[in-house]
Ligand SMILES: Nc1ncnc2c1ncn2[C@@H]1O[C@H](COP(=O)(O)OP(=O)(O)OP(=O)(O)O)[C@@H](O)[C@H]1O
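Only one chain is shown below, in structure tokens, and it's the form predicted alone.
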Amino acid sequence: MNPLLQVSQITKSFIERELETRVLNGVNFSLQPGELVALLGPSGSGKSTLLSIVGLLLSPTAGSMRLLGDEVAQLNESQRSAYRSRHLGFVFQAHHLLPDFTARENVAFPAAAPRNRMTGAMHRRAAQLLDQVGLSERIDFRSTALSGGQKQRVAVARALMNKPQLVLADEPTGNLDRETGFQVMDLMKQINRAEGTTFLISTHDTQIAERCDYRIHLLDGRIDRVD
């Protein structure tokens, strides 16, 4: 089976006032379709930068990255945006829901925004996803009326709206209490098993990471080990 994602010798440096700071230094790893993988590492290890590069939010300084067989490391900004919309979903530590939108409108937003309109098919897809994450009774609640755990469930549903092959989650349980965090993690695992969606989850929480198929440990901008 060909990898869904193949990262090869990725480096990333930031330059400020002629001072170069290298954050990633020759990172190599791959993800197979349908895997649920944790990305672990201390603060400053490069996890968020690596996730941003995999998510096509940043371009690497050097290296190769193949996603679905396509070389994507050096796509231009408009190409990256189109590729993200078609193939990637995102869940962040802060849910980033639109406060004046209902749960359904927030979930449908990734599909509706590029077209500047909401279709019946989008409404139905969003309703289906909210039912899948256990929020069918909150479908028309504004996001401000939802609990923290419910907001993160909406964020997970939103990440799935465009049927992505890969979902990237950056500390998705970081703002939640322990029990709610486990519930959100178990929800992602359930979707992974039922839909075959690949997940790469950045986390500091070893108990969350233990719920994944395996763990990639990042240290000082390099892969330290995989277990």
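These numbers were taken from a predicted model, which means no experiment stands behind them. Note that residue numbering follows the sequence shown and begins at 1. Here, rigid core means the biggest group of C-alpha atoms that superpose within 1.5 Å across both forms.
Unshown form predicted together with the ligand; subsequent notes refer to it.
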Per contact check vs the ligand in the predicted bound form (non-hydrogen atom within 4.5 angstroms), the hit among 193 to 201, 26 to 34, 175 to 183, 48 to 56 is 48 to 56
Quick check on Glu16: any heavy atom within 4.5 Å of the ligand in the predicted bound form? yes
Does any part of Pro42 reach within 4.5 Å of the ligand in the predicted bound form? Heavy atoms only, please. yes
So, superposing on the core, is the move of Glu16 at the CA at least 2 angstroms between this form and the one not shown? yes
